[in-house]
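Encoded as C-alpha cells, the following chain is the form predicted alone, with no partner shown.
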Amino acid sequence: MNLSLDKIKTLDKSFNYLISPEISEFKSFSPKLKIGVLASGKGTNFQELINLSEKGELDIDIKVLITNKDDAGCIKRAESVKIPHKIIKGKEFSQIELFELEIINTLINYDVELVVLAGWMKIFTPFFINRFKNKIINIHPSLLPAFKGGSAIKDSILNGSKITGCSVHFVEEEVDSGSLIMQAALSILKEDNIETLTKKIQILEHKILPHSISHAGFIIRSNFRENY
C-alpha cells in the first residue's frame, strides 16, 4: 500500500483513534503566544501550525524556525510565509554546549515563550533544557513511555504491538520523558507497515500538537501572572 499523506487525510475516518484528554477548543492568547519551532525534517507539523495561525484558529506567533539540516523541507515552508529561519548544525561547533548556546541565543533574541520540538532529531543536554525549564514540549510517535528513541514506529511493529500512537510531553533531562500533555492512540492493523503507520500517526500528530501548544501556553502565561 502506498498512499500519500493527503490521500490518507481523506480517509481519516477509516481508522479508529482515541485522543486523551479530549480538548475541543484552543485557548485564547492576547498577545499571541510566541513560539519557536525546532524541526529537522519535512515540517508537516510545522505546516499545520502555520495553517492554524493564518486562519486565526490558534493564537500563536511563530517567531522563528530553527533546523539543523540544510535540506530540511521545513525551510521552504518557513520561507513561503516569511517566517525567519536559522540553520544551526552541531558539527560546526567544537562543543555541544556551544551548539546549544547558539540555539538558546536565537530563541532569546526572538523573545520565544514556548519551544516546540516538532521532528527535531537531536537530544538536548541539561544545559539547554534547564535554560527553558517547563517551556519545551516535544511530539513523539509512540504512546510514551513505550518505545522511546528514534525508531519508535518500527519498534512498535517489530514488537507485535496492537496499539500505538503519539504523545506530546514537556521535555525533561531523560530522553522522551516529562509530563504528558496529550496522547492519541490507534490500532496497528495486520496490513500496516512502517510507511502506512507513519502517515496515520502524522494525522494524529497534527490533531494533538496544536492543542498541546495551546495548553502549554496557558500554563506558561498563568505561571507568569502568578509570579508577576
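Quick note: we count residues from 1 along the sequence shown, nothing fancier. All of these numbers come straight from a predicted model, not from anything done at the bench.
One more form of this protein exists, namely the form predicted together with glycinamide ribonucleotide; it is left out here, but the text below deals with it.
Requested in this report: Select from the listed residues I104, I96, I87, M121 the one whose heavy atoms reach within 4.5 Å of glycinamide ribonucleotide in the predicted complex.
Outcome: Among I104, I96, I87, M121, a heavy atom within 4.5 Å of glycinamide ribonucleotide in the predicted complex occurs only for M121.
Is there any non-hydrogen atom of I139 lying within 4.5 Å of glycinamide ribonucleotide in the predicted complex? So I139 counts as contacting glycinamide ribonucleotide.
**Asked** According to a 4.5 angstroms non-hydrogen atom cut-off, is S187 in contact with glycinamide ribonucleotide in the predicted complex?
**Response** Contact with glycinamide ribonucleotide, no.
Closest heavy atom of G149 to glycinamide ribonucleotide in the predicted complex, within 4.5 Å or not? G149: yes, in contact with glycinamide ribonucleotide in the predicted complex.
### Query
Does D176 make contact with glycinamide ribonucleotide in the predicted complex, using a 4.5 Å heavy atom cut-off?
It does: once glycinamide ribonucleotide is placed as it appears in the predicted complex, D176 has a heavy atom within 4.5 Å of it.
- Out of the stretches listed (79-87, 111-119, 96-104, 126-134), which one is close to glycinamide ribonucleotide in the predicted complex, meaning heavy atoms within 4.5 Å? That would be stretch 111-119.
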